[in-house]
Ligand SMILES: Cc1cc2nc3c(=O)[nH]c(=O)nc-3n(C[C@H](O)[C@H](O)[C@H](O)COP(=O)(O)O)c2cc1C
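Take a look at this one chain, the form predicted on its own, written out in structure tokens.
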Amino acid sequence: MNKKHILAICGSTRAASVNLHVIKHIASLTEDELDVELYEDLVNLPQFNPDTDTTEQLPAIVAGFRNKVKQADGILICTPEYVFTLPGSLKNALEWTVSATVFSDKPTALITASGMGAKAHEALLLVMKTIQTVFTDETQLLISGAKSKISKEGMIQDPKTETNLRNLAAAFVLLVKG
């Protein structure tokens, strides 16, 4: 079977964040159908600057990120909420892609796993709709109180959260396969 290639972007830059655990869980749930690659240079992307968003001046790391997004069959984003919005590093990465339109029509799964998360999730949905990704109600999920539902070791401790993640994973596979 030909697996679809998924680029996973973790909005948290912590080494063992809840969000990274969620990405790894989704990857394990879909391992027979999806090949999930974690983008690991989010923290290294330079601050977005429209003056360098040109063919001649585009930083190589940004070109590489855009290419990874473009080449992926689908995108999985899992992020925390920082001060009622998206983490700056994730927002910065997304800003670098606007002029290149590499997210347009890309099947996407969007998860916000945080203490509260509602405002960040709302912001994530708005940004991803604006850059024209394709997602459904079934491929987006808010996990409030994430640290009480997911252990430090990455085990999903809440049965409802496990069911929601399984449902999202199944819906995402269907969306990616078109």
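The first residue of the sequence shown is number 1, and the count goes up from there. None of the values given here were measured: they were computed from a predicted structure.
Omitted here: the form predicted together with this ligand. The next part is about that form.
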- Task: Considering only heavy atoms, tell me if Lys129 and this ligand come within 4.5 Å of each other in the predicted bound form.
- Result: no
- Message: Since only the chain is shown here, I'm wondering whether Pro107 would be in contact with this ligand in the predicted bound form (any heavy atom pair within 4.5 Å).
- Response: no
- Message: Taking this ligand as it sits in the predicted bound form, is Arg14 in contact with it (heavy atom to heavy atom, 4.5 Å or less)?
- Response: yes
- Message: Please determine whether Thr139 contacts this ligand in the predicted bound form, using a 4.5 Å cut-off between heavy atoms.
- Response: no
- Select, from the options 57-65, 115-123, 149-157, 44-52, the stretch whose residues sit within 4.5 angstroms of this ligand in the predicted bound form by heavy atom distance. 115-123
- Task: Determine the residues of 71-87 with a heavy atom within 4.5 Å of this ligand in the predicted bound form and present them in sequence order; the list may be empty.
- Result: Pro80, Glu81, Tyr82, Val83, Phe84
